[in-house]
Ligand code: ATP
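A lone chain, given as structure tokens: the form predicted on its own.
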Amino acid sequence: MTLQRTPPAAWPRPDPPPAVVRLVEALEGAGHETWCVGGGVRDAMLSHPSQDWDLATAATPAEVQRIFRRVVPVGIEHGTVGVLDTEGRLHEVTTFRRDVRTDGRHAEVAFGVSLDDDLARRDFTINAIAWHPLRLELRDPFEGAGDLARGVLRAVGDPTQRMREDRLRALRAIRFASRYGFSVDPATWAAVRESAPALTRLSMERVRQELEKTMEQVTHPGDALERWRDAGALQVLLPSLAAAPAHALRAADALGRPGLPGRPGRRLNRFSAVFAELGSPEAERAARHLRMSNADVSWIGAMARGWKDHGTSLGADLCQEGATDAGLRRLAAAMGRTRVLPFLRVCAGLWGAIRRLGEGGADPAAVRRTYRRVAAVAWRDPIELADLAVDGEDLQAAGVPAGPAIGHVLRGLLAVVLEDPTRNTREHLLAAVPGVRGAAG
């Protein structure tokens, strides 16, 4: 065991917020040993900002609920109580525990054990470090601090046993290693690969949540997705993506992380970029397989359809600076006002991945210029039927029979306006009706 009064000199001292320290003081004051554990300690030692400060304690869930007034029973059967601090932030307070048995998805736990027993059941050494903010002690029985220094992701104890206890740990190993740019300890990696066939025991909701965390936390999610592929996880869980072109796995790398403030749509854009090469039907099937919401499935399908319909031609135009305003208006009309700019971001991710693999791809400067042009035409020019200066009643008054013919003529008039927005006047459009009807046959 490694027990130190202070962290090694090279490490920043874990410094939980005062509200978290007050939680520790309350539990210790009631006679219950309590430590900060997990992600908050790990990230603090890496100088990464974190609000994820959770506690491990000798107090039972019932005792935690008696000590604190503002609690949420987030996992009582597993020893976890959610406690709201004075800032209104939720922290998980979990009783020291050990696993009695597990089926690879659910664990039965026993309480009344020590902190060291509790740390011994954790997944990776970098997550098995505890900090006592009152005594300024670091508890590191599995040398997680050393692995942080070396940039190594290593399982606690027997890697194969750790993966069998919870099959999600194979995917978590990939996420943590990719998030921090770590290598994976060879024995741990062998256990991850050995786990691949058993990943079907995971619910797709848990798989989706792990992918969402990857998209949110990993700067270059392509690192993680390539590790999924190399470990055999893609073939087991998302075989259509495993068969996609190499650049598909890297398509999200150039798109910003959604964890940044004010960027809630980035996660979905990252998924859309990765799934786009599958084409609309298969991309939608993959999204449904992951139990995504209907709205997300529809969005991902629209992005994949747009990429197949417009990505290649638009990319070629941008390589030759040949995209016209009329062409960009047609693109905006096809994708819709609210989707065309996210679509261009998705395209930029794919073109960037293609370019990095030496397979061509639109020039980034041309993409940025086109993005600004599309933003202008999409919100300035008429690109939707509702933008036309005439409607169905006007057409009927001009002699167009009610029914499908109205829709055909309106779409024909929109094509006229997309080519030349100055023609979007009642006079011009009514004069164009005979020609549009004749062209429609």
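Numbering starts at 1 and runs along the sequence shown. Everything numeric here is computed off the predicted structure, so don't read it as measured data.
Unshown form predicted together with ligand ATP; subsequent notes refer to it.
Annotated contact segment (heavy atom within 4.5 Å of ligand ATP in the predicted complex): 164 to 172, selected among 164 to 172, 142 to 150, 359 to 367, 288 to 296.
Not one of 267, 270 and 343 is positioned with any heavy atom within 4.5 Å of ligand ATP in the predicted complex. In the predicted complex, ligand ATP lies farther than 4.5 Å from every heavy atom of residue 220.
Taking non-hydrogen atoms only, residue 80 never approaches ligand ATP to within 4.5 angstroms in the predicted complex. In the predicted complex, ligand ATP sits within 4.5 Å of a heavy atom belonging to residue 54. Under a 4.5 angstroms non-hydrogen atom cutoff, ligand ATP in the predicted complex has residue 38 among its neighbouring residues.
Think of it this way: in the predicted complex, ligand ATP has a heavy atom of just one of 85, 284, 185, 123 within 4.5 Å, and the residue is 123. This chain is displayed alone, yet in the predicted complex one of 179, 227, 305, 91 has a heavy atom within 4.5 Å of ligand ATP; that residue is 179. If you take 409 to 435 and check each residue for a heavy atom within 4.5 Å of ligand ATP in the predicted complex, you get nothing at all.
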